[in-house]
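Just one chain is shown here, as structure tokens, and it is the form predicted on its own.
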Amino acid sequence: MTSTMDNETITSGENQRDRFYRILPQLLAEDDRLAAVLAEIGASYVDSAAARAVSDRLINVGIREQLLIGVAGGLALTGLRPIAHTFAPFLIERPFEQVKLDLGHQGVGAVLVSAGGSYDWPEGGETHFGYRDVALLDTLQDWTVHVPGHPDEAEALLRTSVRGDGRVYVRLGGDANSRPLAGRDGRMQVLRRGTRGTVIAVGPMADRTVAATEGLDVTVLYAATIRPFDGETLRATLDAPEVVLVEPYLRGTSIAEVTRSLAGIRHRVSGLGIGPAEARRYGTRAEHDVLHGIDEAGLRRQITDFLDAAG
């Protein structure tokens, strides 16, 4: 598949975003309770022939992100299950008041599906960087947050999400692990056992984290669902009170969750991810990874320094 939109090109095999567009008409056809709301982004990717039979529940409001969430809230109040989609900064940051009021305050559910990860299209610059999304949702109540690391995980988590009634955020990114790693129960998966500490890799960070910790005596856990946070698995597998979080969004977002999970246990925690300082150069996605220290070499250096500081 090769297609272009918003100066972005999708040329490789199916990524998470491709999978979402492919299965969206299927989901609508399978459940007449579902309705999809778009804000121009993705409208031309959805197969028009496949979507024809469900076109009355496939709504494009144009570039009006506040309206995107408002319409989703209105549909939910009528008993429908809305799926709202656009890039992460346009889905969470720009219409944050509508997310808070039209969904949260109204007490209704929706499935928000983002694309673009933190900087999948670096040429878009700061307006298209979406690394604050999970931290912002943490200021609201009762959100489930999925960060799939593979297109198969994205589809499974999306199918599970649309069957429910709650407020769910599915964060799609361009990076992917080589194979799906998530379990069926939303719990963290144990990728490796060790005795000097625990490294938690979230979503697409798994492969590079496993490579970065090769030869280090650490437990590596994998999370594709980060809210609610699976503190039970963390406590059950904890052999040393040193915890490193590797997240593909704002650095340190889940530190408070680790602290709550390990209440009563003396521990140290380090959060690795995207730094808060604005990057005023476009660069490539790989160059941004290096800048923020979440490439393989950067992760190994920071994890090793953290463990060595423990003595």
Partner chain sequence: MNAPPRTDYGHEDLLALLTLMTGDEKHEPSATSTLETIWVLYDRILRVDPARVDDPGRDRFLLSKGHGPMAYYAVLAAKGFLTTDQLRGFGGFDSPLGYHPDRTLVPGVEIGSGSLGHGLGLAVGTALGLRATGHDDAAVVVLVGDAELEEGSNLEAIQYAGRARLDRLTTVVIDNSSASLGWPGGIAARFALEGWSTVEVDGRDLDKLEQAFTSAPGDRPHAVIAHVEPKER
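Residue numbers count along the first chain shown, from 1. The model shown is predicted, which means the values in this text are computed figures rather than measured ones.
One more form of this protein should be noted, the form predicted together with its partner chain, which is absent from this view; the next part is about it.
Contact check at 4.5 Å (heavy atoms) against its partner chain in the model of the complex: all three of 57, 64 and 80 pass.
Contact check for residue 105: a non-hydrogen atom falls within 4.5 Å of its partner chain in the model of the complex. When contacts are judged by a 4.5 Å heavy atom cut-off, residue 156 does not count as touching its partner chain in the model of the complex.
Although the partner is absent from this view, residue 89 stays clear of its partner chain in the model of the complex, with no non-hydrogen atom inside 4.5 angstroms. Proximity of residue 101 to its partner chain in the model of the complex: non-hydrogen atoms within 4.5 Å are present.
Here the chain stands by itself, but in the model of the complex one stretch of 112 to 120, 212 to 220, 67 to 75, 180 to 188, 67 to 75, has heavy atoms within 4.5 Å of its partner chain. When its partner chain is considered in the model of the complex, only one residue from 152, 239, 142, 97 comes within 4.5 Å through any heavy atom, namely 97.
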